[in-house]
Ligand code: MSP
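One chain follows as structure tokens, the form predicted alone.
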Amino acid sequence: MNKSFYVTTAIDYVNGEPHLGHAYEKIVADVMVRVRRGLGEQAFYLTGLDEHGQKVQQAAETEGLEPQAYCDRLSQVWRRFAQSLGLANDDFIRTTDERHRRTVTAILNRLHAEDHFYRDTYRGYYSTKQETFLTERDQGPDGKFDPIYGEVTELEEDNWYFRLGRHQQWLLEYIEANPDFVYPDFRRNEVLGLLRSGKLEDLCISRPRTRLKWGIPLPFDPEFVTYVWFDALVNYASVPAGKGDPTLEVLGISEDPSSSCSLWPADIHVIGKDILKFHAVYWPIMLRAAGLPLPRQICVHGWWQKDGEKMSKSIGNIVDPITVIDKWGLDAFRFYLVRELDIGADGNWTDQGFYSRYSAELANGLGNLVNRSLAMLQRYRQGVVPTAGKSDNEDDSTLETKTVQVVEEAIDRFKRNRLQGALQSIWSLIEAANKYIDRTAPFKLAKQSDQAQRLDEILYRLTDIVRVLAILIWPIIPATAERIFEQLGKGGKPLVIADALDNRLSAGHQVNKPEPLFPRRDP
């Protein structure tokens, strides 16, 4: 059974509002999945919602709704958001799904039977905003907690705890021996620093029902519900387990024993830097304790700022993805996110930066190349692809060498999730092709009857460059790539990356009239 390349995003709090960071994470994961499909691999993309916890319960009570009804309503907002980003996701998990409840219950029972949990009384600090217990290590030098925790209170209550300490040395050695497990390197070093700095605190995995009812009950103690983060992390395994993935059959919860699904372990968990500890410490320990394989990589991205400042409604410097998409188009938005911010670093959105990239790289770069290449083919050859013939012209050989180099380089960078680098490589080919037009001047050759063969050679190469580019950009800006293929008169979608250097256009092929891909606009 062939395993599918399995990519997930973090699941979003249902009572939050979709923002630029959510869009970036989902689009990055989408590009990764499309790349794998373009390389001929089976690939599966999961995103979804985190619907349990105290914040959701309180928000539902405020609106006079039952938590499930509240979540059902908001889940539609998030589904529409995912659709607006053009995601090619295969499933959308909700932690209120029955398939998820079964998986959480199975893992809880398995860990409890193996003596990984114990019940104890907690006295200390609690952040309702982050739904997590805090220790003195979380305090700053002034004794205060970071504002991300919101209001921090002291409380005393009984709960169930997961013995993390017994796994600490193993996890430390595992991350040291597997340098790709956390990407990029500086995030890996953060995790190693945490594991080396002192003993891990045991993880509270429950909340008393007297305080919180909205959650998955502990199967071995109905006085408690499952801590929202223990619950949420399991989502990545819930879908493959429910589909009958043989790697997870030990959980015994398959909905379809005859399924040929093979997803686990996840190949990439795409997450934000703020939830690194949960995914790179708690999650691998949970899986190992349950006897399950670990994901192959935790891919950690940074945060977006606006004009050098943290985004804030009170300041009014919010970037609304839907507003940008409605004004500039989905592909312009997807392009800017991937082109502007490499995975790992923090990014800075500026409206002028967006407009500059739209104008220079999309309108004047890609759009201009496609339009002028196909327009000349229409004007000089009635849209019919000519015979290229063999050429010993230096400009031709230089462009051909550049094309091969860019295809190989882009594929390599795509595979290693260097998405920004792949785009930079692809755009270097666009620049080379535009310069090729300037040097060879086909519009001048068209006036010279004795240069017909030379004009054919140039028009053929330009048309084929357009085909190559459509294939390479498809994972990032798929709608634009498909429009280019339509203008080329090609059937199907440009999703087979291996075709970039093969399956070229045949002489005599009829292309369609070009239409502007990215019309020039005022900022």
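Quick note: we count residues from 1 along the sequence shown, nothing fancier. All of these numbers come straight from a predicted model, not from anything done at the bench.
Keep in mind the form predicted in complex with the named molecule is missing from the figure; the text below concerns it.
Colleague: What I'd like checked is whether Asp12, His19 and Trp229 together line the named molecule in the model of the complex, meaning each has a non-hydrogen atom within 4.5 Å of it.
Modeller: Each of the three qualifies.
Colleague: Here the chain is shown alone; which of Asn235, Ser206, Ser373, Asn417 has a heavy atom within 4.5 Å of the named molecule in the model of the complex?
Modeller: When the named molecule is considered in the model of the complex, the option within 4.5 Å is Asn235.
Colleague: Out of Met311, Ile253, Ala432, Ala290, which one falls within 4.5 Å of the named molecule in the model of the complex, going by heavy atoms?
Modeller: Flagged contact: Met311.
Colleague: Counting only non-hydrogen atoms and a 4.5 angstroms cut-off, does Trp304 reach the named molecule in the model of the complex?
Modeller: The answer is yes: Trp304 has a heavy atom within 4.5 Å of the named molecule.
Colleague: Decide whether Gly272 counts as a contact residue for the named molecule in the model of the complex under a heavy atom distance cut-off of 4.5 Å.
Modeller: Gly272: contacts the named molecule in the model of the complex.
Colleague: Do Glu457 and the named molecule share at least one heavy atom pair within 4.5 Å in the model of the complex?
Modeller: Flag for Glu457 set to no.
Colleague: Using a 4.5 angstroms cut-off on non-hydrogen atoms, would Arg187 count as touching the named molecule in the model of the complex?
Modeller: Although the named molecule is absent here, Arg187 would stay clear of it in the model of the complex, with no heavy atoms inside 4.5 Å.
Colleague: Since the chain is shown here on its own, which stretch among 235-243, 379-387, 435-443, 358-366 would lie within 4.5 Å of the named molecule in the model of the complex, judged by heavy atoms?
Modeller: Stretch with heavy atoms near the partner: 235-243.
Colleague: Give, in sequence order, every residue of 399-435 that has a heavy atom within 4.5 Å of the named molecule in the model of the complex, or say none if there are no such residues.
Modeller: Sequence-ordered list is empty.
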